[in-house]
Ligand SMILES: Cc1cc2nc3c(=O)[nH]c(=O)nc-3n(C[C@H](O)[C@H](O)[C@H](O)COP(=O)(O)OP(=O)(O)OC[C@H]3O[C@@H](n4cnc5c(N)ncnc54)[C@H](O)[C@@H]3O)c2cc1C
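We begin with a single chain expressed as structure tokens, specifically the form predicted on its own.
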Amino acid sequence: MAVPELAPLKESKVDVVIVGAGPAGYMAALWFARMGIKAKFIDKRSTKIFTGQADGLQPRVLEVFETFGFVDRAIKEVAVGYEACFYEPDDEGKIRLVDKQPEGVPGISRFNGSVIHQGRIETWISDAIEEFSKGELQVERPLLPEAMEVDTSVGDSTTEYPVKMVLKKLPDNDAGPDQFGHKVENGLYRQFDGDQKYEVPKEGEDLEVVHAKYVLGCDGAHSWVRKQLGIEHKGETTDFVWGVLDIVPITDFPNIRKRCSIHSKNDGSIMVIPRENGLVRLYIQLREVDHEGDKLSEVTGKKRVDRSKLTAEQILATAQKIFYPFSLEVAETHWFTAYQIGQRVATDFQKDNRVFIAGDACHTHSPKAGQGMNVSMMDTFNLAWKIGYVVKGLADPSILHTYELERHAVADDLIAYDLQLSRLFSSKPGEISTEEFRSVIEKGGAFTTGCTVNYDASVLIDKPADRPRTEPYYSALASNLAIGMRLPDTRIVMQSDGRPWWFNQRLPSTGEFRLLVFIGDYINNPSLKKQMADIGEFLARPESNVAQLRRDAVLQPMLVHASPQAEVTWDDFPAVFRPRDERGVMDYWSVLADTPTLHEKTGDAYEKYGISREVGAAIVLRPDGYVAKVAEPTLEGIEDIWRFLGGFLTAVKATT
């Protein structure tokens, strides 16, 4: 929509506008706050955070929360999943337990899949944003985007503000979601057709014009930003409607505090999700729903569901039939909604590398795999640091092309898995094999943890371009460390004080690339000691620009040795790995050891990563924790890494 010529009440310039304060928007804002990027964060809703909505946290997202410093809040509050139960009907139509499986994949992460109200998650992130930005970055509500235009004549310029947006301030009483006459809070306003009608801004309204370098549309399945870009949201919507209840149950069902998948004989299926504070979420297949006559949905093309006639009582009645012979009553109903099963993915995730979309604006699917909020946050966890680098002049704008390359592939995989899972959940016993159903759940377990995402070759990932994502690529130097995948966690020891750590705890999301030099056992291999000295000398050269890269929070060199602690001295290590700041205070935290300690089991990181203690490896880790490159821990290997970094980092490009 073109921006009309109006007299706004105020006008401003920012680096980035984030449209939509949902999970994707909050994660983007978190990165921008951490990196000192000037962002405007807007949402059309009032300040109230409603109950319900998304609630699943997968292991990879919890790992990310740890790198931002607030996973401890999650651990204290969430309901954690350990076991999954499967029920099917017997000959008399009574449901019975037929199998138990571990929830997720044991050992893939230190964290298990967990569940908690989305509002709490947004509170944790909001508090971190306030801390990192010193209170300068907050959600501005209720602001509605009404027009946007992009000046494409500026090309890749990082100094111009080519995106112009008109925002309208809404009265608070117009910014609350429609509850369709129900007394119980519900999410029906989000389903079926959306809830916001946009109009051309008019003279005299409370308007603001914002000029931005970039825009992120994190504004949900009915994304205004996506529509302004003319991006199609391709896919299909079925006639299957599912209800959702958040309740405090009264029941004799024995596994109500475990995740359960229940298929009944004739009344549909249920998924049981235990939540925090005694709550349980039920996903219930609804075989019969009321429609608004023959009216068709503008979004799905199917008959439009009458949201006013979908009630918590109707959904509960269906659940009670499915639970037979067990009883189910409700002490409290906190929230309910219903949704129509469908899978859609945007054809493009960006336009002109100026305006991007993320989260539900890119991909929509059923909530059964617990992926919506997680994949949404990981979209902007992937994108926002790249925008930060470009805005600050630290990297070439070409890195922005990798967002769509990397995240569209994840969305495609998610849609394919959800399509299969939804078909199985909505089928009757006899129409599908229950063994097939459990097999799909088991095989999809690794994918749903978020820990197996594998990014293709690009300017940011150095591996063969013809390697399929289904086949992780390993260097012989680190045979268990897949290039393009996240660095698995392991125990490591701080050289300076002997304290054991999980490696992820020493790799916070600061926006820095890490150069991890696994130098091996240099005490018993003199050639490795010389290599360590050569690497230190190269990194200390003025032309290597390491001092500036450190000051700009672009690169942190770290060293991990595997020599016997009794024979190691602090002065063995090159000064570049233990530098002093302008006050003369030394960095004691960048030299680590893979050795046994007196208190905890450590000393197997090299083996976990497939790195030889006699050879070593040099690893480039991206700011989002994904392995970008593996090289030899030699002068030649580090020079190769410098050529790789020089392909996109401006401060390195000047030296190569």
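This structure is a prediction, so every number in the text was calculated from the model and none was measured. Start at 1 and count along the sequence shown; that's the residue number.
The protein also exists as the form predicted together with this ligand; that form is not presented, and the subsequent description refers to it.
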- Message: Counting any non-hydrogen atom inside 4.5 Å, which residue from Pro574, Pro367, Pro488, Pro274 sits next to this ligand in the predicted bound form?
- Response: Pro367
- Item | Among the candidates Leu645, Ile638, Ala21, Val14, the residue which, in the predicted bound form, approaches this ligand to within 4.5 Å (heavy atoms) | Ala21
- Note on the structure: Answer among 574 to 582, 334 to 342, 70 to 78, 454 to 462 for heavy atoms within 4.5 Å of this ligand in the predicted bound form: the stretch 334 to 342
- Even though this ligand is not shown here, does Arg45 get within 4.5 Å of it in the predicted bound form, heavy atoms only? yes
- Task: Classify Ser590 as contacting or not contacting this ligand in the predicted bound form by the rule of any non-hydrogen atom within 4.5 angstroms, answering yes or no.
- Result: no
- Message: How about Met35 - does it come within 4.5 Å of this ligand in the predicted bound form, if we only consider non-hydrogen atoms?
- Response: no
- Message: Using a 4.5 angstroms cut-off on non-hydrogen atoms, would Trp224 count as touching this ligand in the predicted bound form?
- Response: yes
- Identify whether this ligand in the predicted bound form is within 4.5 Å of every residue in the set Cys218, Tyr283 and Ser376, based on non-hydrogen atoms. yes
- Note on the structure: Contact check, 458 to 490 vs this ligand in the predicted bound form, heavy atom within 4.5 Å, ordered by sequence, gives none
